[in-house]
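Consider the single chain below, provided in structure tokens and representing the form predicted alone.
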Amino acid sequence: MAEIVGAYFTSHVPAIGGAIHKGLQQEPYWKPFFDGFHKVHEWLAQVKPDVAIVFNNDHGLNFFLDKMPTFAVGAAAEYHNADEGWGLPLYKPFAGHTELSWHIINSLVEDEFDITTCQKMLVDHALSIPFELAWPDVEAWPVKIVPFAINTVQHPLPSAKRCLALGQAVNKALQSWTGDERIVIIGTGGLSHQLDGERAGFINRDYDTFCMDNLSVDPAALTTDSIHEMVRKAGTQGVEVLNWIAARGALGQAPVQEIHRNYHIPISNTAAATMLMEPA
């Protein structure tokens, strides 16, 4: 059986990619954020995962408002980054774990999740930037991926409770996988932020702290709010915390422990956070 070594959660703001590209990691504006990744690098070098299950959200490369699946799962042999108009470099391609993808897909359908299966899928900054942060300066990514895209854009959005259940169903699928891979779970996005409208620039430190404090020990506490209440508390783009909730579900219901967190505001009008968890 495969081993889930733990989970890595982080923000995926496009400006982070710009800072990496321009070498600004030690600038005062960026240093508190990038300094939070020393522990991430040490941990990943220690646990040595070879597969990543990644929960993120698409920003228009694959899906737009006229066609927006609630949950989409990649089943491709390779995933390429594409230009989104942010002025960022194109990132290295990602190798897919197609056999594991199909195993998870079949298990999810058996568990009555109506998912969209993507045998071709582009990846945007929501996946690429967290990888650049976790494995800087590598010639090739050290893990294969199974990517999930959760709708955080076009209402109606999936509830936090449903996203937690999705992650738990993924964990169930991993428990029945007969391979011996070492698997890391990754959740990207958030935390609180709103990029437009009357509340542009909105950040809610109290809500972010609540999410980080409960994610490891009581993830169900993050599922009691409706989507509209989450938008009120976290901002219109802050609902990307759904990706974190799904990723936490994929760790399973056995106890886990938080081993690292970093929180810095603001980065491009966003509360940028990073966390690590592993089985207790």
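All values reported here derive from a predicted model rather than from experimental measurement. Numbering starts at 1 and follows the sequence shown.
Form predicted in complex with a small molecule: not shown, discussed below.
*Asks:* Is the gap between residue 269 and the small molecule in the model of the complex 4.5 Å or less for some heavy atom pair?
*Replies:* Residue 269: yes, in contact with the small molecule in the model of the complex.
*Asks:* May I ask you to check whether residue 210 falls inside a 4.5 Å heavy atom distance of the small molecule in the model of the complex?
*Replies:* The answer is no: residue 210 has no heavy atom within 4.5 Å of the small molecule.
*Asks:* Residue-level question: is residue 195 within 4.5 Å of the small molecule in the model of the complex, judged on heavy atoms?
*Replies:* Contact with the small molecule, yes.
*Asks:* Verify the contact flag for residue 14: yes if a non-hydrogen atom of it lies within 4.5 Å of a non-hydrogen atom of the small molecule in the model of the complex, no if not.
*Replies:* Contact with the small molecule, yes.
*Asks:* Only one of 86, 135, 102, 113 has a non-hydrogen atom within 4.5 angstroms of the small molecule in the model of the complex; which is it?
*Replies:* Going through each option in turn, the one that passes is 86.
*Asks:* Exactly one stretch in 72 to 80, 89 to 97, 187 to 195, 113 to 121 has heavy atoms within 4.5 Å of the small molecule in the model of the complex; which is it?
*Replies:* Heavy atoms within 4.5 Å of the small molecule in the model of the complex occur in 187 to 195.
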